[in-house]
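Below you will find one chain, with nothing else, as C-alpha cells; this is the form predicted alone, and questions on how it binds or moves follow later.
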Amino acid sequence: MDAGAQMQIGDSGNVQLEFVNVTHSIIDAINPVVHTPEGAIVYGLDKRMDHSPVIGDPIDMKRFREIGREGNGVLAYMEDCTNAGRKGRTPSESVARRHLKDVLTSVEDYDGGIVATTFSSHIARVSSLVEFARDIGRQPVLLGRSMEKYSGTAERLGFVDFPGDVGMYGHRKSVDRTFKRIMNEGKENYLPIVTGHQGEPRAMLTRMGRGETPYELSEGDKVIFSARVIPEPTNEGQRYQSEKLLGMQGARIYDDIHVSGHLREEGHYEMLDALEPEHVIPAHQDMKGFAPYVDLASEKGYQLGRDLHVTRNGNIINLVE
C-alpha cells in the first residue's frame, strides 16, 4: 500500500488502515493510522519534519491536520520521544547534505586515504557520499554486506541511480579484493563508503581499525562518521573502541556529520497542534527518556494519568469503555 492509500481491515467494515507519508533516515517512510468509529489511532514513531528531503516527498502535514479534524478526531497518538528534550526543530536532510559536501570539499586536496561511514539504510546519505566523492575526484565504492544489500535494493527499486562504475561488495573476500585494488592503485583515488558507524565488531570500519583488512590506514588519513552513536551503552562502548583503534593508526576522525531522524521539541508541539489527540502515549524510550515529552505534553494541557499515559511494552491501555 502506498502512502496516502487506505484499506479495510477486520470484518466489521468500519475500521480502515491508512499510511501517511513522513520523513526519516530511511526512504519511503510512513506513519500508520487506524481509523475506528471512536476516532483515529496514530502511530507516530520514527520521523522528522523534513520539508526539503534529499530523496522522496516532504512530510504530509496537510494530511495529519485533516486527520485531526475528521470524524471523531484522534483518539490516541503514540509518539517517539527520542529528541523530546532537545530545543528547536530537527534540521532537514538537505542540511546534512550541505555539511557533508563542505567537509569533503575541505579535504579535496588531501593525497592520502579518506574513508566514510553511515547507516546502510540511509540511502539519501549514501547517495550524497557517492556524488561528492566523484566531485572531489575519487571513485566511490560501497563495502559491507548491509551496504550492498540496501543500496542495491534501492537502485533496483528506482529510488537512486548510481553511476555504472560504482562497485558494491558485501562478501568478505570481494571486499578484501577491493581493498587490495585500492592499495595497489592508490588510496588517493578512492573513497570507500563502509559499514561500521556504530563500531559493530564485524563491520568493515571496525575490521579496518583492527588491521584485519588489506587497507592500511596511515598518519593523517581521514575517517568521516556521517552518523551519530545510537544512545545505548553497547553502541557507545563499541564506537569509542573503534575510534580509539582508528586513532592509534593515525586516522583523523570527522564526527557527527549528520542530522537526526527524530523530532525535537518544536516538531512535537506542531504534531500535537495538528492532531489535537484526545490521548497521548509516549513511546520509544525508557522511563527516564519519557520525562521531557511528559513535560512538553503537560504544557499543552495533557495530564499524566488522565489523558497522558506512560507505560511499558506489553501493557494494555483501555481508552474506550
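The numbering used is simple: start at 1 and walk along the sequence shown. These numbers were taken from a predicted model, which means no experiment stands behind them.
The form predicted together with another copy of the chain exists for this protein as well; it is not shown, and the discussion that follows is about that form.
Undergrad: Indicate whether another copy of the chain has at least one heavy atom within 4.5 Å of a heavy atom of residue 237 in the predicted complex.
TA: Close contact exists here: in the predicted complex, residue 237 approaches another copy of the chain to within 4.5 Å, heavy atoms only.
Undergrad: I'd like to know if residue 152 sits close to another copy of the chain in the predicted complex, meaning any non-hydrogen atom pair within 4.5 angstroms.
TA: Result no; residue 152 lies far from another copy of the chain in the predicted complex.
Undergrad: Does residue 65 reach another copy of the chain in the predicted complex, with heavy atoms at most 4.5 Å apart?
TA: Yes - in the predicted complex, heavy atoms of residue 65 and another copy of the chain come within 4.5 Å of each other.
Undergrad: So in the predicted complex, does residue 92 come within 4.5 Å of another copy of the chain, heavy atom to heavy atom?
TA: Flag for residue 92 set to yes.
Undergrad: Among the candidate stretches 164-172, 142-150, 93-101, 208-216, which one is within 4.5 Å of another copy of the chain in the predicted complex when only heavy atoms are counted?
TA: In the other structure, the partner sits against 93-101.
Undergrad: Of the options 261, 292, 39, 56, which one has a non-hydrogen atom that comes within 4.5 Å of another copy of the chain in the predicted complex?
TA: Only one option qualifies, and that one is 292.
Undergrad: Out of 276, 70, 28, 270, which one falls within 4.5 Å of another copy of the chain in the predicted complex, going by heavy atoms?
TA: Only one option qualifies, and that one is 270.
Undergrad: Under the 4.5 Å heavy atom criterion, name the residues of 292-307 that approach another copy of the chain in the predicted complex, in sequence order.
TA: Going through 292-307 in order - heavy atoms within 4.5 Å of another copy of the chain in the predicted complex - the hits are 292, 294, 295, 296, 298, 299, 303, 304.
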